[in-house]
Ligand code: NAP
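Single chain ahead, by itself, as structure tokens, in the form predicted alone.
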Amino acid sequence: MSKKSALVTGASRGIGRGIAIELAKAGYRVAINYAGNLEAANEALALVRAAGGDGFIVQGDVAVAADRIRLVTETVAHFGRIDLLVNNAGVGPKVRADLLDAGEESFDRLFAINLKGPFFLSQQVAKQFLTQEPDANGFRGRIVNITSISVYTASINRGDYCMVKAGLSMMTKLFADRLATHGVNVYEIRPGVIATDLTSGVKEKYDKLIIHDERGITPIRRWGRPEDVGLAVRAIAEDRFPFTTGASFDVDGGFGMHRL
């Protein structure tokens, strides 16, 4: 696996950092994308190097076309090729508003960052893949989209988030269908409740639902961790699923099971 390269968006903190570290353990070089927190990005790079990988940091907002171009251009300039794109960067609504009160500003922001950005970044990276020679296993590249249990779980106080994640899920299938004959597999990973900055504001609520509730909303009675998602991405990066594309993998503590 040495010398393969990955571009991970939103990799300075949280799930993205967990993914970058696990890829480093697999010998990957990682382009660590961040939007605004340079200190966190440098910390992530240090952790990647400590885990046995290497890489560089690259600033960019996936919602901005010029930034997307720069992400790909700089990654190819550093590594010569891209073997894996992980569309991880995403935001939640600044204010959780009831469905009947939700505003267009929040909707537009989430759509631009969580769906439009990944779509056009994937389009650009896919074109880069098509210029590359296949690796030893016949792959020109892979794409992993980080979605959420919100793909199928309605949250009426953050409907915009649910809708864009559902769109990203369909995007997985579309790119998988389009690119399969070109040696590019595409996957979706659906995290459950993961301990990150994004969920810190609802810690008390989910502590009760996961840990203190008599039965718990998940059979595995703990919060998810960024490395849980990272391990799933690493399995894909290590070619554990060569005959799979367009599929989703749940990393959710069993949340998605129907239970009586």
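Quick caveat, the model's predicted, so the values are computed rather than measured. For every residue, the number given is its place in the sequence shown, counted from 1.
Omitted here: the form predicted together with this ligand. The next part is about that form.
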Partner contact check in the model of the complex: of 49 to 57, 210 to 218, 28 to 36, 230 to 238, the stretch with a heavy atom within 4.5 Å of this ligand is 28 to 36
Site check A6, Q124 and A180: each within 4.5 Å of this ligand in the model of the complex by heavy atom:
no
Margin query: So in the model of the complex, is this ligand close enough to I143 to count as touching (4.5 Å, heavy atoms)?
Written below: no
Query raised in the report: Could you tell me if A20 has a non-hydrogen atom within 4.5 Å of this ligand in the model of the complex?
Result: no
* Quick one: is I194 in contact with this ligand in the model of the complex, heavy atoms, 4.5 Å cut-off? -> yes
Taking this ligand as it sits in the model of the complex, is I113 in contact with it (heavy atom to heavy atom, 4.5 Å or less)?
yes
Checked M171, V91, V72, A102 for heavy atoms within 4.5 Å of this ligand in the model of the complex; positive is V91
In sequence order, the residues of 135 to 154 that place a heavy atom within 4.5 Å of this ligand in the model of the complex are I146, T147, S148
